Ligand SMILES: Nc1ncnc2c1ncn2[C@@H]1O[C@H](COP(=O)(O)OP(=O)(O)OP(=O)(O)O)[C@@H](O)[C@H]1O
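Below you will find one chain, with nothing else, as C-alpha cells; this is the form predicted alone, and questions on how it binds or moves follow later.
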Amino acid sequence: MTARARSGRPMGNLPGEVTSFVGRRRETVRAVRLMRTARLLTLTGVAGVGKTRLALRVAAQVREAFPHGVWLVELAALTDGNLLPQTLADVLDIRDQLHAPTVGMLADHLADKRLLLVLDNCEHLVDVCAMLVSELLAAPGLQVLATSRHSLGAVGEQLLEVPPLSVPDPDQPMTTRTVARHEAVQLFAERAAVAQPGFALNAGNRATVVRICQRLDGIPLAIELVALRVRAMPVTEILTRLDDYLEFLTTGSLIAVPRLQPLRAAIDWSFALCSPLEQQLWARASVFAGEFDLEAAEAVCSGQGITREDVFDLVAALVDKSVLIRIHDDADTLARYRMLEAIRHYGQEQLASSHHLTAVRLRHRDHYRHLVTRSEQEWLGPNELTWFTRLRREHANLRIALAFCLTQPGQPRVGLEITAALWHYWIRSCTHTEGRYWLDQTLQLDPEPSTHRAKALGVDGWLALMQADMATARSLLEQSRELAHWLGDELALARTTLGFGVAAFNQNDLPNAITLLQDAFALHQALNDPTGVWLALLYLAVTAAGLGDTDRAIAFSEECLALCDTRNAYPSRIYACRGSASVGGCPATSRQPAG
C-alpha cells in the first residue's frame, strides 16, 4: 500500500501557492499535454518570466498520474555539482549510510516507481543536471520536469519556452473589460489590489496600466514589483519613473539583452525606493542560500551602520516591499524568509560593489559556526530533535559557509571545526558521504597539527566506519590517534579508542572490541563526556550480546537508557532501545518519557 493510500494525500513535497496564479492557461495546457509523452520536459525562459510558478502548477495538475509522488528539487542554492546526487537523495528520503548516494543508487531506487522529479533552476548546473537526468531516465516510470534559462541538452529533452504574459496593444481600441482579459494587466491589477485595497482597473487608469505592462514586457516578476508601488504613488507617476529608469538602461547599455531591461529596471527602482538601511540589508541578506531566520539576519546583517535592534524592522519593511518572502509553514516555530533568485542576484551585485562582501560572508560563516557548536554541545539532551530539524533547514547555508572556508586563505581550519562538529548530524541525516567530502577537502587544505585536525581525522574515520570502509577508517583513526598523542589531546584519544572498538566490532573481533570499548567508556567517563559514554555503552551492549554475555549486555543497555532518561535525550533513547532489543528487548519501553 502506498503512502497516498494510507494517508489519503498525494505523495511528494510540492509547496502550496501563497499568491494567486494568473493566466498561463495556454502554456499550462501545452505542458500537461507534453507531459503525457515526454520523459524530460524543460521549461526555458528569461529570469523572472515565471518558469517556477508554471512548473509547480503543471506538476500539481499531473500528480494524480504519479502514485510515488511529485518531488521538487530546488537547485538555486546548490553551488557544487558534486553534491547533486546527495541533494536528490535528501529530497527522496533515501537513507543508506553504507553507500554514497551515486546516480546509480538513485536509478536503482527509482527503477520500480512511477514518479515525477521537478528540477528547479538548473541553469548554473546544466551539464551536471543533463548527465544525471540522462542516467536516471533508465528508470522507466520516471519523468522529469525542469526549469532553466537554457536547455539541458539531454537526449530526448523536449523544450517549452515560457513567454512573457500577454499585453494589450495600446494602439487598438480598448475597454476596461477587454484590457482585463490580458494576463499582464490581470497580474498588475491583482497585486496592486493587495498592496492598496480598493485599487481597481477602470476607465481612468487602464491606459496607464497597459503602458506600464508594455514597458515591462509582460515579465511577471517585474510587474509584481512595480505593482506594489501603488501603495505610495498613482499609476501615472509609476509610469513616468519607470520610463526614466528604462531610458537610463537603454542609453547606458548596462544590459545587452533587451528583454532583461524591464526586470532590471523594476528591481533597480525597487532598490532605489528602499531607505539606505533597507538597501544595505537587502544586499547583506543575499549572502544566505535559500532560507534564513531572524536570528541569522540579526547576526549576519547587523554591523557597519545597522544595529541588531534595527534588523527586525528592516526585514519587515523588505517583506512589505516583496523583496523578502515570508515562508509559511505550520511546522515552523520561527519565522523564515527567502529571496527570489533574480532579487538575490541583484543583492549580491550590490554587496560585491559595497566592499563589505568578505565581512558579511565572515559573519555568515561565524553565525553557522556558532550554531553548529551549540548543536554539538546540546546533542545528548532534550533539544536533540529541535537541533536536528534546524540543521536540516540550514543545510544549504552550512554548505555556503563551508565553501567559504575552502576558498578563503587561512579559513580551512574553521572548516575543519564546523565539519567535525556536525558529526552527529552527518550520521543521523545519513549524509555520511557529504560529511566525508567536506572533511577530506578541509583536511587536505589544513595539514598543520591542531586539535581541530585531530578531531576531524577521527570524525572522518568514524564516518568511514559507518560506511564499512574499514581500511580508510583505520588509517584515519590511526592518524588521529598519533596526532592526539603528540598534542596531549585526551578527548581525541578517547574518541579514537572508541572508533577502534567499533572497528573491531564491525570486523567481528568481539573480544578485542569489548576491551577497547570498555577503555573508551572509562576515558569518556573520566572526561565527563556524556556523548562518548552513551556511544560506548551502546556498542558495549551489542558486543556483549554477540559474545553471549546476556547479563552484561542488559546491564549496559539499562545504563545507556538511564543516561538518556537522565538527560531527557529521547531521540537517542530510541537508538539505545534498538541496541537493547538485540539482547531481549528494551527494558524501559513501557515507561512514558518525562515531559
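Only a predicted model underlies this, so the values are computations on that prediction, with no experimental measurement involved. Start at 1 and count along the sequence shown; that's the residue number.
Keep in mind the form predicted in complex with the named molecule is missing from the figure; the text below concerns it.
Complete contact of 53, 121 and 224 with the named molecule in the predicted bound form (any heavy atom, 4.5 Å): Every residue of the candidate spot has a heavy atom within 4.5 Å of the named molecule in the predicted bound form.
What is the one choice in 114, 485, 149, 374 with a heavy atom within 4.5 Å of the named molecule in the predicted bound form? Of the candidates 114, 485, 149, 374, 149 is the one lying within 4.5 Å of the named molecule in the predicted bound form.
Only one of 561, 541, 533, 49 gets a heavy atom within 4.5 Å of the named molecule in the predicted bound form. Which one? Flagged contact: 49.
Quick check on residue 415: any heavy atom within 4.5 Å of the named molecule in the predicted bound form? Answer no; every heavy atom of residue 415 is more than 4.5 Å from the named molecule in the predicted bound form.
Against the named molecule in the predicted bound form, would residue 11 count as a contact residue? Criterion: heavy atoms within 4.5 Å. Looking in the predicted bound form, residue contacts with the named molecule do not include residue 11, since no heavy atom lies within 4.5 Å.
Would you classify residue 77 as touching the named molecule in the predicted bound form, given a 4.5 Å non-hydrogen atom cut-off? Contact with the named molecule, no.
Do residue 577 and the named molecule come within 4.5 Å of each other in the predicted bound form, heavy atoms counted? No.
Location of the named molecule contact in the predicted bound form, chosen stretch of 234-242, 388-396, 338-346, 509-517 [non-hydrogen atom, 4.5 Å]: In short, 338-346.
Since the partner is left out here, which residues of 19-38 would have a heavy atom within 4.5 Å of the named molecule in the predicted bound form? The stretch touches the partner through 19, 20, 21, 22, 24.
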